[in-house]
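The chain below stands alone and is given as structure tokens, in the form predicted on its own.
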Amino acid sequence: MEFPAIQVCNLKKSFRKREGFFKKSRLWALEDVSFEVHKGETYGLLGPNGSGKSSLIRILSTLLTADGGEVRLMGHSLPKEQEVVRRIIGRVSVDAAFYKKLSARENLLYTALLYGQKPGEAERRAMEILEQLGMEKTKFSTPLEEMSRGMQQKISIARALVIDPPLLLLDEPTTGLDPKSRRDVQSFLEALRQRTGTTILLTTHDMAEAERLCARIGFLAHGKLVAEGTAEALKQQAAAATLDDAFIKLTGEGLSKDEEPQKEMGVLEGV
């Protein structure tokens, strides 16, 4: 029997919130969240500030440990098999870190070598990906500190894909990109899934992007998955004309592009 690419069951995650020098309270970022993503599917996760979507992505990426529940990626359990999981996922975040003094080529080859790939093969694949993302060949040797935000995000996507992972975790990959770069990335992701069957979990604030790319969409609010289905099913469930209206009706909130509370330094402590 074939297992789903992502299985999340009753996932829980809390943080300690400081309310003074001595007093602390517990804030639940995720409460009993359960969903599955089928192999080869693009699944969208939408939520307002503090909904828990970035915490969920970090748990799936092995960057956070859940307080309860079960997670399996491509059949491998977290956190027990996290070393295996790290080798089969590619992750792109809105705040990706690089060696800024190094060029795009050097950053990508460093990642490929860490995963045991041959330099020549890795470089050819990286070049192909960057060209498909609309990046000029002449920029390949440019230090990342001299690149625009959009170019750096394309490098981040190429870095996640150069290892050819069966599962991609994309945390707002097109945030901050200009319209053309956003379309380039979206077209690339569509072609990638159709060509290779890559499974994609996508968080985004762009409703049009979610409708275009995602077979199914989950709405997160206050750490809970409050609705799930195709874009059309969600609109019908909410008796709404647009996905934006459906989101507001089903979650009681609107989307914001500000960062979630658990990212604010000195406010929350992971447990």
Partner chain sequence: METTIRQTWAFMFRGYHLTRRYISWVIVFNFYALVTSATVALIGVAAQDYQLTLTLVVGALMWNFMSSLYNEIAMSIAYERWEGTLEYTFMAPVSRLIHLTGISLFSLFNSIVQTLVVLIGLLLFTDLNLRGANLSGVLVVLGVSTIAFVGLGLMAAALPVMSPERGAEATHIFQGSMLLVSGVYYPVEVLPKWLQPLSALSPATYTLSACRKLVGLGNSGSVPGNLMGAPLSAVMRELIILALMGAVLMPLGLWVFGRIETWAKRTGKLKRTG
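Residue numbers count along the first chain shown, from 1. Values in this document were obtained by computation on a predicted structure and should not be read as measured data.
Only in words, not in the display: the form predicted in complex with the partner chain, which the text now covers.
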item	value
Close approach of Phe98 to the partner chain in the predicted complex, 4.5 Å, heavy atom	yes
Distance check, Ala210 to the partner chain in the predicted complex, heavy atom within 4.5 Å	no
Residue contact check: Leu109 to the partner chain in the predicted complex, 4.5 Å heavy atom	yes
The partner chain contact at Val226 in the predicted complex, heavy atom, 4.5 Å	no
Candidate stretches 178-186, 78-86, 194-202, 129-137 - the one whose heavy atoms come within 4.5 Å of the partner chain in the predicted complex	78-86
Joint contact, Lys13, Ser103 and Ser141 to the partner chain in the predicted complex, by non-hydrogen atom at 4.5 Å	yes
Contact set, 105-143 vs the partner chain in the predicted complex - heavy atom within 4.5 angstroms	Glu106, Leu109, Tyr110, Leu113, Leu114, Tyr115, Gly116, Gln117, Lys118, Pro119, Ser141, Pro143
